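Have a look below at one chain only, the form predicted alone, in structure tokens format.
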Amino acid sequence: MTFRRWLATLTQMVQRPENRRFIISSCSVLMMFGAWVFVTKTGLANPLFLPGPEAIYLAFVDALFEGYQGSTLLEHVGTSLFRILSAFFLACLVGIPLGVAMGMSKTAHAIFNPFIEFYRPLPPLGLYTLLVMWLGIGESSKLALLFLAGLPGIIIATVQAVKDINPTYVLATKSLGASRMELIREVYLPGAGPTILTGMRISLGFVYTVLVAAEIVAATAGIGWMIWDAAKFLLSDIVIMGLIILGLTGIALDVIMRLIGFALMPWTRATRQFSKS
């Protein structure tokens, strides 16, 4: 392949919208990384509070093989992911059916909506003190806090998605003699699925934001606990390394959720491609 042909191929690849967005995002990340290296190498930032990338990498390797406070990095990650996924699964198990019921029934909406709107803006630490009094300092209170953090987003997204279903589809299905369960299975869930998935993704982010608060009381392992414990001793390399791992695992889980959504709802991919064309 001649240089001119290679250059033309490269230009065509760059001109594609998805490739252009990827290049812009990559450049943005590289610029931020370069600024980080610059301020640490030139001494503009105190290494006690903002260590360089090398220090973060060494902290990662040390925690991975030697561990931190008696547990390896994989054990900390596994403990936190177990708490996050367990609470998130329970939130989906409760929130999606409840949201469908609230979206379909004005009575159900009137019953449950005041309680959801009341506790939704409450600060996690305020809730956690009460949960610890009720459930103790073990895993139950941690899972309950993460569950309550993820529940409102799923319910609100599901309610709105159900209400946005075209009434013509509902009337047509009812005219064919469909039962309530068939109406939910054939109309509401397929039509509301993409919006529910978006609510689940946002809800998972809320669960992540509450993780540190959930692990600061009577925990001995977990990424959130590791960050909190390291901060007490000004181990900023451990803190930043833990935050990076939280961010990367969050991105990975979000990608997995999107792939599962495309697998369960293939029509969303077709609709997305049609809207781009």
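Whichever C-alpha set is largest while still superposing within 1.5 Å between the two forms counts as the rigid core. Residue positions are given as counts along the sequence shown, with the first one as 1. Remember, predicted model here, so these are calculated numbers, not experimental data.
One more form of this protein, predicted in complex with another copy of the chain, exists but is not displayed; see below.
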property	result
Which of 109 to 117, 92 to 100, 71 to 79, 154 to 162 lines the interface with another copy of the chain in the model of the complex (heavy atom within 4.5 Å)	109 to 117
Candidate from L64, V37, L58, A231 lying within 4.5 Å of another copy of the chain in the model of the complex - any heavy atom	A231
Interface membership of T42, another copy of the chain in the model of the complex, 4.5 Å heavy atom rule	no
Proximity of F206 to another copy of the chain in the model of the complex, heavy atoms at 4.5 Å	yes
Partner contact for L130 in the model of the complex: another copy of the chain, 4.5 angstroms, heavy atom	yes
Close approach of L85 to another copy of the chain in the model of the complex, 4.5 Å, heavy atom	no
Residues within stretch 116 to 134 having a non-hydrogen atom within 4.5 Å of another copy of the chain in the model of the complex	E117, F118, P121, L122, P123, P124, L125, G126, L127, T129, L130, M133, W134
T209 C-alpha relocation of at least 2 Å between the shown form and the other one, rigid core basis	no
After fitting the core, F65 CA displacement of 2 Å or more between the shown form and the other one	no
N46: Cα shift of 2 Å or greater between the shown form and the other one (core-aligned)	yes
